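This document contains two forms of one protein chain, each encoded as C-alpha cells and listed individually as structure 1 and structure 2.
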Structure 1
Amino acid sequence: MSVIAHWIEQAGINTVVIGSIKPQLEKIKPPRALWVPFELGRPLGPPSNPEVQLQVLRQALGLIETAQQAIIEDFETDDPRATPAKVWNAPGIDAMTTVAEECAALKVYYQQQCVSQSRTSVGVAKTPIIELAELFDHVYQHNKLKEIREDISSRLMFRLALDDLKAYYIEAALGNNKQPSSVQIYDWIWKDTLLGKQMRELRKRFMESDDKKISDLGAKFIVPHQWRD
C-alpha cells in the first residue's frame, strides 16, 4: 500500500497509510503514514472497540489536512489489549499427552465462547475439530503429512487444520468471559499448550526436510516469528 500511495499522490489525490510495521514504513516512505501498535491484520485496533477505531481514523485523516509529505506519525494511544488482564486464568489443560486430548479438555471453554458471541471463526477446514487434532497428532508422531480427504491435498489440509486449531484455542481462552490481553492469549498458546509446543518443534523438523514444499510449510505457515526459537 505504501508504494501504491506514491502513485495515487502523483495523480493529485492525497493519501495516508495506516501501518503496523514501522521499519517497512521507514524504508518505503509513503507520503503520509500513521504507525499503529496493533497486531498484524488489525490496523484499526482491537475488535469490538469502536472508540479506539474512531481514534485511529481521526488521527489518520487528520494527517491529510495538516501534514506535508514524507511524514510518519505514531498513534497516540497504546494497544488496550496489550495490558495483561489480572482477572484472567488460562483454561485448565495440564497433563495432556495428545492435542486431541487437549482439544477435548478445552471444549467446554470453546462452547462458552460460542454461546456468548453467537459465532465462531473455526471451520475453514470443514472438518470436526477432533479429527483435525488427530491429524495433527499423526503428523507430529510420524513426521509426515496424511491425506484425510480426497478433495484437498494433504499439505493444504494441514495448513487449514492449523488455522482451525489455533482459532479453537483462541476462542477457548476467551470462554470464561474474562477478557485476556492478546499477549496473554498467544503466550499461553505458544508457551503453555501442547499444541503450541509441538507446533514449534514440528516447524524445526519440517524446515530440515528435503521436500521443499514441506520445508516451506515449516518456515512460513506454522509458527509466528516472535515465538520461533
Structure 2
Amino acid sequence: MSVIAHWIEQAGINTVVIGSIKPQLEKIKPPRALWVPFELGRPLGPPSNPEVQLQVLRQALGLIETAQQAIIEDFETDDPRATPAKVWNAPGIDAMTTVAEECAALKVYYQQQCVSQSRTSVGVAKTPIIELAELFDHVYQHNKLKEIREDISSRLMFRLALDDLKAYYIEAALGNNKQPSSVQIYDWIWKDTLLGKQMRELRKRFMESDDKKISDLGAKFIVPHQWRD
C-alpha cells in the first residue's frame, strides 16, 4: 500500500513501491514507484524465475539512486508465466461425491509439490486438511456453519478453512512440476473440481441469508470476482 511509503519516507528513509494498480499509484503518488504489468498477488512476477524477478527488483531499487523527484516508472516485460503451459495436465482424479474424498485423491499430487519445494502454503487454519474438508462437506450438506474450535468463531474458521483448501488444491495442481499459469490452475479449481463447484453454489446460498455476517461471507470471501456466477 503506497500510503505506507509516505510515512516511512517522512522519517528520512528512501522508499520505492512495486505496484500493480497504476491508477492507485497515480492518485497516492508515493515518492518512487515501479508499476508492474503482473497479476495482483505477484509483485515480482513469474514464480520460479529469479532472472525476471531480479530485473524487477533491480529496476525498482535503481529509482532510489536515479530519481530526483517523485516518479512512477513502468516495468515493460510481461509475465512469461501468464501464458498457459502446453505440457500441463490437471491432476487426474475421478469424480468424487465429497470434498474429503477429493482431497484424499489429490494427496499424492500435493505431497509431490511439498517435497519438491520443501514447504507448503497450507496452514492458516492450523487444522489437518482432512478435517477442513470434512467441515466443508458438513457446511455444504447442512447449509449451516459449524463450530469446530472453541477459540475461533465458526465464520472465521470457515474462511480460514477455505483458504487452506484452495492452497491445497493449488499445490496439487503444481505437483507435476509443469509450471501451469494461474488461469489454468483456477480454471481447473473453479470449473472442474467438486470443491470449486460447491464453493460457487455455497456463495449463492450464503448471500440469501438473513444474517448479514453470513451474506457478507458469501458475497465477498468465498469466490473471486473472476469466477462468480
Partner chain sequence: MARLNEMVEGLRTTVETLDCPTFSDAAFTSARPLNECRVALISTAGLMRRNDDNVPGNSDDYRSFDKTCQNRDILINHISVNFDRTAFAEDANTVLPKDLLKTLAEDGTIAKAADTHYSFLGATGAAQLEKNAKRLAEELNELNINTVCLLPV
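Values in this document were obtained by computation on a predicted structure and should not be read as measured data. Numbering for residues begins at 1 and runs along the sequence of structure 1. We call the rigid core whatever largest set of C-alpha positions still superposes within 1.5 Å between the two forms.
Note on provenance: structure 2 matches the form predicted in complex with the partner chain. Relative to the superposed rigid core, the position of the CA of E9 differs between the two structures by 2 Å or more. Superposition on the rigid core between the two structures places the CA atom of K22 2 Å or more away from its counterpart. Superposition of the core reveals a Cα shift of 2 Å or more for L57 between the two structures.
Taking the rigid core as reference, the CA displacement of A33 between the two structures comes to 7.0 Å.
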